[in-house]
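The chain below stands alone, shown as C-alpha cells; this is the form predicted on its own.
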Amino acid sequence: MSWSDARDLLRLWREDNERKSQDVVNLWETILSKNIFKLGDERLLVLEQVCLASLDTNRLDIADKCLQSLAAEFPSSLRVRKLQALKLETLEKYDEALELLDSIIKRDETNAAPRKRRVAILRAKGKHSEAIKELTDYLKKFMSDQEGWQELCDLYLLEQDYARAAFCMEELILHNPHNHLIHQRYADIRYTQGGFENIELARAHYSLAFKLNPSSIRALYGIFLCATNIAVSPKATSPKRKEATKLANWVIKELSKRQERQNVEDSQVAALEGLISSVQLAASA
C-alpha cells in the first residue's frame, strides 16, 4: 500500500467514525510515520487519530510521540489536553486525569467532552453515586445528549433504581420515538419493576417495539410474558384476562410460523403452549 492509499483509508475511517485502532497503528508503523510530512495540514488530524488508536491498543510509545508533536504545535490547545487526560486514564492515574479535565472545563464550560470523560472515570473507579450526580448536572446543560441519557439509565440500573432508569428511557423515547430498541428496553425495565400497571405499560411498549420491528423475537417473548402475567393477575378484569390470553395465543402462532419458515425445532413453542395452558386454567379459576 502506498502512503496516499494509507492516508485515504484513515480519512475514510475518520469520516465514518470508525476507530479500527489496531489497523490504524499498523498503518502508522509500516507506512505513515515515515511519510508524515507529505500529509500537509491533514497531518494533525492523522496524529490525533493515531494517538487515540495507540491509547486503545496500549501503545504508549506511539501515543507519547503523537502528543509531543501536537503539544509542540498547539501548546495551549484544549483538544490536546483532552488527549493527555485520556493518556492518564490509560495509565489509571484517575485523580490526575480529573484535575486536567477540571482545568479544561474551567476554560470552556460549553465543552461537553471533558464532562463526559469525568463521568467515565468516576464509573471506572466504581463511584456510581458520584457519576450519577455528575451526569445529572451535565444533562441539565446538555439535555439533548441521547448518549448521556443512555449512560445515566445504565448507572441507575447498576444501583437498581428502576424508576429513575425508566425516566431516562422516557426521555430517550421523546428524542427518538421510532427506535424499537428504546421501546424494548423501556419495556424490560417496566417489566422488571413488576406490578400490574408496570406490566401493562411494558406490554404496550413491547407491542410498539414489535410494530416498529416485526422481526424482533425478543419483543414477541416480551409480549407473551406480559400477557400471561396479566391473564393471571387478580387486578385484571375478566375482559382484560380474555384479551391477554388471546394475545398470548397469537404470540405462539407467530413463533410457530417463524420456526416453520426457518426449520427450527419447536421445543420452545411447545414449552410456551404448556405455559399458556396453565395460564388458561388459572384465568378460568
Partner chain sequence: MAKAIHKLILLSGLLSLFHAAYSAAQHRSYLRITEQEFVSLPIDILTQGIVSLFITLYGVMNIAGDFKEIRATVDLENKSWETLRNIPSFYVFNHRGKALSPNYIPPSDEMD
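Positions refer to the first chain, counted from 1. We call the rigid core whatever largest set of C-alpha positions still superposes within 1.5 Å between the two forms. For clarity, every value in this text was computed on a predicted model and none was experimentally measured.
Absent from the display: the form predicted together with the partner chain. The rest refers to it.
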Exercise. Select from the listed residues Ala204, Ile104, Leu212, Leu98 the one whose heavy atoms reach within 4.5 Å of the partner chain in the predicted bound form.
Key: Leu212
Quiz item: What is the one choice in Glu73, Glu92, Asp161, Glu130 with a heavy atom within 4.5 Å of the partner chain in the predicted bound form?
Solution: Glu92
Practice problem: Spell it out for me: taking the partner chain in the predicted bound form, does every residue among Met143, Arg190 and Leu220 have a heavy atom no farther than 4.5 Å from it? | Solution: no
Self-check item: Contact test in the predicted bound form: Leu55 vs the partner chain, heavy atoms, 4.5 Å
Solution: yes
Exercise. Mark His180 yes when one of its heavy atoms lies within 4.5 Å of a heavy atom of the partner chain in the predicted bound form, and no otherwise.
Key: yes
Quiz item: Would Leu135 sit within 4.5 Å of the partner chain in the predicted bound form, counting heavy atoms only?
Solution: yes
Exercise. May I ask you to state whether Asp61 is within 4.5 Å of the partner chain in the predicted bound form, using heavy atom distances?
Key: yes
Quiz item: Listed by sequence position, which residues of 142-156 have a non-hydrogen atom within 4.5 angstroms of the partner chain in the predicted bound form?
Solution: Glu147, Gly148, Gln150, Glu151
Self-check item: Arg79 C-alpha moves between this form and the one not shown by 2 Å or more, core aligned
Solution: yes
